[in-house]
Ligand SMILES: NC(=O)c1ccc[n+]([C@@H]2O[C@H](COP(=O)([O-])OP(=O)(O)OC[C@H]3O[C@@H](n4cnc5c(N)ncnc54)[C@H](O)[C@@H]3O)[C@@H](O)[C@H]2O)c1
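Given next, in structure tokens, is a single chain: the form predicted alone.
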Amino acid sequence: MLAAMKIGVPKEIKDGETRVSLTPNLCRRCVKLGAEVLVEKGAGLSAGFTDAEYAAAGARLVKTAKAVWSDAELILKVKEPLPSEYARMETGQALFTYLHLAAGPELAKVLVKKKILGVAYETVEAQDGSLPLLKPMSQIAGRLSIQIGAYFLQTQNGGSGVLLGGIPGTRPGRVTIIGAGNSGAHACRMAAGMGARVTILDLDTRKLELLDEEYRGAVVTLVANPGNIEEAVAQADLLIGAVLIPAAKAPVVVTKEMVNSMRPGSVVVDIAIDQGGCVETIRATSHHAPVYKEHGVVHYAVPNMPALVGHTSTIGLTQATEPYVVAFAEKGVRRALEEHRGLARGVNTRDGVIVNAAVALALGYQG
């Protein structure tokens, strides 16, 4: 008989982070499967879940993050560990969270040094090759990007004063979206719903065909070649960067010259910032200082955008992670990985080695 799995849930400490990696309902299910669940006090409060709910679900509440990290075999998080958490990781421990190591070389070094079994949400695969744990947060980030862009387009917030939907007798705002994956498609839906004039670009013509059919030509679809990108960026009141290459750094597809061609007070929201960003002038910001101006253009690049809607994001994320967390609780980490090929694809580091080829290539890791 397997020894009881110890699962630890520390409170997220990234700036402005409101999500939690385990809901009381999922906690209850893990406990019924025989796992011991340690939850740091207050871990779920900002997502709308009280300590009392976790206690009723069978969790053991602990006062400090240190106590969670030191006593758990598997750590469940939402965001990647920050430098202040590096010392808390125990050698050989398992970690299940968003890692985005292609844009985090220092974290990668720590995971390798401590021989952490790092399982990244963003590289777990479904049977059809899709990325089920990236999907819900990409959808939320895509929808939020339009809300955020509309907010910063307001004159009082440093924008050009353009209302995306316009009114009769005025030009609607122009939204350019680069990337037609989950985040780009959901950004498109929000922007079109607000009445903006939307242009979306991608290299995959199949995605463009689907969007053209869905919107019956009301959205302009273009192949993402340099000429089309240059023209669409120059016309944009709001530019959304939604380029994703799984486990790799995002390619820079919008140059500083393109940004410079935008009208002063236009807004850039780069959803790809978790993977380094796809706009040359972008750098990561935070919820407390979300924007800066360059070339007269407002730049927004908060890596944990879904934390703006912590309750919805937590529900969406944990619904997606539930089958994998349950597998860990029921079978143990190693056996669950052995039996689930898609979950095993999430392994980025193991026994002191970066085992994900795309991550290793992005970091120049030689093995």
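Sequential numbering from 1, following the sequence displayed. From a predicted model like this one, the values you see are computed outputs, not experimental measurements.
Although not depicted, the form predicted together with the ligand is the subject of the following passage.
Q: Does any part of R189 reach within 4.5 Å of the ligand in the predicted complex? Heavy atoms only, please.
A: So R189 does not count as contacting the ligand.
Q: Under a 4.5 Å heavy atom criterion, is M305 part of the interface with the ligand in the predicted complex?
A: Yes.
Q: Please tell me whether any heavy atom belonging to R143 falls inside 4.5 Å of a heavy atom of the ligand, as the geometry stands in the predicted complex.
A: R143 lies outside the contact set for the ligand.
Q: Would you please decide whether K114 lies within 4.5 angstroms of the ligand in the predicted complex, comparing each non-hydrogen atom pair?
A: The answer is no: K114 has no heavy atom within 4.5 Å of the ligand.
Q: Is it the case that G179, A224 and I245 all touch the ligand in the predicted complex, with a non-hydrogen atom of each within 4.5 angstroms?
A: Heavy-atom distance to the ligand in the predicted complex: all three under 4.5 Å.
Q: Please identify the residue among G173, G184, G149, G118 with any heavy atom within 4.5 Å of the ligand in the predicted complex.
A: Result of the distance check: G184.
Q: Of L76, L101, V268, A272, which residue is found within 4.5 angstroms of the ligand in the predicted complex when only non-hydrogen atoms are counted?
A: Going through each option in turn, the one that passes is A272.
Q: So which stretch, 103-111, 149-157, 210-218, 195-203, is the one near the ligand in the predicted complex (non-hydrogen atoms, 4.5 Å)?
A: Of the stretches listed, the one contacting the partner is 195-203.
Q: Just to make sure I understand: among 134-168, which residues lie within 4.5 Å of the ligand in the predicted complex, judging by heavy atoms?
A: Contacting residues: L134, M137, S138, A141.
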